[in-house]
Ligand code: SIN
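First comes one chain, alone, set out as structure tokens in the form predicted on its own.
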């Protein structure tokens, strides 16, 4: 999948792109079942909310075949390589649960802020691309973006170790308000199989999910191979140390798993 000139301009302006129904229902169902299988595992890579339900599963592409295939899917890898102008490696892989009733907040943050501070990634030549495994609605904790906030570079942040089970470098209310006043606030929603691509500098968050609907999203954080991390204080399954360029698989790779 190649981006058009108009899509590239839109990404540069807003910091994100949304692709409704990038994956069909059968492909999304394969990935949703894979997520359920992963969340049942008692592994250190599976982080849980304070209630005990799964919050996120790190590095799922290393122990689940469907997520391995997704991690090299051309619909994800090709457009990222196009925007980053070269080969990419997998910096991080997360399957975020946001479970019905118990899915907790993800505070306002920039992903590159964490990667720069904790992993010594030299430049923001990295981005996220995400696939909805459930329908994402206004009610079940959608991602919230501040369009254009990526143009501000790395924003000052504090290290929040208490709000949730996962430590995060977060932005204060004054900063978020200022960025909102400049560019507004959006929450892309869509059916399972829809896809988002967003800059590693884009400020984003998601509210708690108190609805009876799950909201599972899988995230690939991809980095140009020349821009690999220089510090290895976090576990390898959180910040990967294999900088081998990803070779995209065939477009129908997930269909091979459809029952």
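Residue numbers count along the first chain shown, from 1. Worth saying up front: this structure is predicted, and the values here are computed from it rather than measured.
The form predicted in complex with succinic acid exists for this protein as well; it is not shown, and the discussion that follows is about that form.
Colleague: Could you tell me which of 34-42, 226-234, 59-67, 212-220 sits within 4.5 Å of succinic acid in the model of the complex, going by non-hydrogen atoms?
Modeller: Going through the listed ranges, the match is 212-220.
Colleague: So in the model of the complex, does residue 170 come within 4.5 Å of succinic acid, heavy atom to heavy atom?
Modeller: Contact check for residue 170: no, nothing within 4.5 Å of succinic acid in the model of the complex.
Colleague: Taking heavy atoms only, is residue 143 within 4.5 angstroms of succinic acid in the model of the complex?
Modeller: Although succinic acid is absent here, residue 143 would touch it in the model of the complex, with heavy atoms inside 4.5 Å.
Colleague: Considering only heavy atoms, tell me if residue 98 and succinic acid come within 4.5 Å of each other in the model of the complex.
Modeller: Yes, residue 98 is a contact residue.
Colleague: Might residue 194 be said to contact succinic acid in the model of the complex, defining contact as any heavy atom within 4.5 Å?
Modeller: Close contact is absent here: in the model of the complex, residue 194 is far from succinic acid, nothing within 4.5 Å, heavy atoms only.
Colleague: Could you pull out the residues of 86-113 that have any heavy atom within 4.5 Å of succinic acid in the model of the complex?
Modeller: Stretch hits, in order: 94, 96, 98, 106, 109, 111.
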